[in-house]
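Just the one chain here, the form predicted on its own, laid out as structure tokens.
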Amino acid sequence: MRRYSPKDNVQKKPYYTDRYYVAPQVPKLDVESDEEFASDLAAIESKFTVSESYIQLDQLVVYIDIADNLGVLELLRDERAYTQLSELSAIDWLAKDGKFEIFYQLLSMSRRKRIRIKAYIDEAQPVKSVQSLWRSADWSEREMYDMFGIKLINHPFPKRILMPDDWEGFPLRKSYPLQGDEAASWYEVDKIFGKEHRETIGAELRDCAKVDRYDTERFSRLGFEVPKGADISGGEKRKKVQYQEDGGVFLIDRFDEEKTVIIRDKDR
């Protein structure tokens, strides 16, 4: 007989599916468990407001008001020896909370400690640049603007860094289509040939995961390469895989697929 399970309050019981999976959280420890981190937090709280703090993965995480970002980071650099800015960027929580989460990852080489400063901002809220404290922030902040559309205050050159200046949209927002929108599909065609040639040339393929067996360069069909432009309507014969030029490489044996051995013993 199948074991009976109570059906009381079924709607209140947590459940997860592939669609609603919630990743397990790494444990958060109290800041007082580490004397040095507790001292860092006390230094911040003596001058600024802290909304939340904890230790996670051996580093201190502190949530502040974004208006205090420059002051908090300057304090940590000059008074707490966090002399290196490892990374800064944003996380898109617009669909969930209507906000971005900004983070600054700092490292103290002398103390061998890491601290992460975080803050929430509204979608259109600008952020003070910290490149005056760390030159490494210059390009990272430009990338944050380029990918998320977060505007910067007092940045010396607040322009896109990866995408063209006239690009529409911000590719790392969760609302941005994975294969790009209409502007992305036609961008290079419009710029190079003009919109009047769209029907002749066709939209750009921006699906990086797509493998096309009719690729004329044959890069996507390892072992089935044919000369460029060759007719493959009748199928291709498999060839031995070779990773060297036809003439080989001086003092290096030519790769032979049939003589390869797969080592499965990780301790070998």
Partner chain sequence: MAQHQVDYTKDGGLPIALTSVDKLINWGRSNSLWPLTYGLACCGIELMASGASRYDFDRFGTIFRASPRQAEVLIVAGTLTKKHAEFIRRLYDQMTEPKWVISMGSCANTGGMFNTYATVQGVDRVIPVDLYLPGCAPRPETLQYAVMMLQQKIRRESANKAQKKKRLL
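Numbering follows the first chain given and starts at 1. On a predicted model such as this, the values are computed, not experimentally measured, just so you know.
Below, we turn to the form predicted in complex with the partner chain, even though it does not appear here.
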query	finding
Heavy atom within 4.5 Å of the partner chain in the predicted complex - the one residue of Val50, Leu70, Ile201, Ala43 that qualifies	Ile201
Answer option from Pro158, Gly149, Pro126, Pro171, heavy atom within 4.5 Å of the partner chain in the predicted complex	Pro171
One stretch from 131 to 139, 115 to 123, 84 to 92, 162 to 170 that, in the predicted complex, holds residues within 4.5 Å of the partner chain by heavy atom	162 to 170
Leu57: touches the partner chain in the predicted complex, heavy atom cutoff 4.5 angstroms	no
Contact label in the predicted complex: Lys195 to the partner chain, heavy atom within 4.5 Å	no
Residue contact check: Lys96 to the partner chain in the predicted complex, 4.5 Å heavy atom	no
Residue contact check: Lys191 to the partner chain in the predicted complex, 4.5 Å heavy atom	yes
